[in-house]
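What follows is one chain in structure tokens, specifically the form predicted alone.
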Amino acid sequence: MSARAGSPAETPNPVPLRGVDVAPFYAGKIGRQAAEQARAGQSIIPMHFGQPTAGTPPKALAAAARVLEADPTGYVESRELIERIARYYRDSHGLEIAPARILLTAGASAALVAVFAGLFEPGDRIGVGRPGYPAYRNAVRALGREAVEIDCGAEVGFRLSAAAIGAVAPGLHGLVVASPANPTGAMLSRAQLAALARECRRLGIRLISDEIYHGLSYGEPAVSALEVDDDAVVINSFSKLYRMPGWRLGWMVAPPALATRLSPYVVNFFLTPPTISQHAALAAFEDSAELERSLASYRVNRELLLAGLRSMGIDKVSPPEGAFYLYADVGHLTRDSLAFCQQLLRETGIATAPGIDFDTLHGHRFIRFSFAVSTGEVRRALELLAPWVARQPRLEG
């Protein structure tokens, strides 16, 4: 007796898999391994994720606690916060930005998705630096646009240049630039950023500036793309300087016509950012002393880590000018940065990010350290790392 159509005995035809394959975050794989080891009782030094371990500033936490008691926390787009962001550009960059140009987003990642979807068509080519933040190329590809990776390695100080943009044009529709950059901490001077903006205008390329590490620099302050090109689209976040990664709150600044175009994308994709986060962010803006303490801590950590790695023979490291990362060439120790990071974590408890996240061609020989941890953790990491590195075999070439 045959099974009736639709009965459990019938084997349905599998639904074909569609969509675009997107590479994983390998640092996330390290994070899961670190969590497993921590559950087993091992002490972990978390230098793999780009998140400060000091936690949310006290004034922001206090504001959030007050809101939980008094506010229904429905969908909100805080006019107060938008106006405070406008004041930030006036105070920090000498710019008058109309509040209508500022859109609040559920983190910088949401802003990137809205920009890639709203300002480009399927098949458009968007330039991204290599090494660079992996979500740029992965989000671009997931949305049916083409990510054009542009080499900007150690030989050019890990900086995108106007000449490099010209070399991959014509046919480039957009360019993502970050200064300070992830994973290298490299920064563009005003002249370099202005030259890049001029080249983009000449070639009809939309300039997108990821500025989430602004406020974290160890020399000259970072220059906003808005200082050299009022038509740039700028993305920022409360995750890094303000130590609020889990609160999922960011913003973008766009020319008036583009802000009008992007607003429906932001709302349809993500509605509004978390209401409680918007209240907390307003308070975080006013906790400048706490933010200065964080920067001072990162400055100490940066020097300790640079000196410590060099003493171990890991000396192919460009000192970061901003952000809170060291991108280290460990090609004399490995040709497989993921396996290297996994072994390092397993044997020492030090969690780092493999270079293959940031560079699909050369990242097998690099790892990234985040020094947005306590100074005590940096010192302990160096104590554990030195004998471990000394035991590793050296590779030729």
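The first residue of the shown sequence is 1; numbering continues from there. Please read these numbers as outputs of a predicted model, since none were measured by experiment.
Absent from the display: the form predicted in complex with a small molecule. The rest refers to it.
Colleague: Would you mind picking the one in 239, 294, 192, 272 that has a heavy atom within 4.5 Å of the small molecule in the model of the complex?
Modeller: Exactly one residue meets the criterion: 239.
Colleague: Looking at 248, 130, 101, 302, which has any heavy atom no more than 4.5 Å from the small molecule in the model of the complex?
Modeller: Contact with the small molecule in the model of the complex is made by 248 alone.
Colleague: Exactly one stretch in 208-216, 76-84, 165-173, 141-149 has heavy atoms within 4.5 Å of the small molecule in the model of the complex; which is it?
Modeller: That would be stretch 208-216.
Colleague: Is the small molecule close enough to 327, 370 and 381 in the model of the complex that each of the three has a heavy atom within 4.5 Å of it?
Modeller: No, the candidate spot makes no contact with the small molecule.
Colleague: Heavy atom to heavy atom, is residue 161 within 4.5 Å of the small molecule in the model of the complex?
Modeller: Close contact is absent here: in the model of the complex, residue 161 is far from the small molecule, nothing within 4.5 Å, heavy atoms only.
Colleague: Can residue 136 be called a contact residue for the small molecule in the model of the complex at 4.5 Å between heavy atoms?
Modeller: Although the small molecule is absent here, residue 136 would touch it in the model of the complex, with heavy atoms inside 4.5 Å.
Colleague: Would you please decide whether residue 182 lies within 4.5 angstroms of the small molecule in the model of the complex, comparing each non-hydrogen atom pair?
Modeller: Answer yes; at least one heavy atom of residue 182 falls within 4.5 Å of the small molecule in the model of the complex.
Colleague: Can any non-hydrogen atom of residue 109 be found within 4.5 angstroms of the small molecule in the model of the complex?
Modeller: It does: once the small molecule is placed as it appears in the model of the complex, residue 109 has a heavy atom within 4.5 Å of it.
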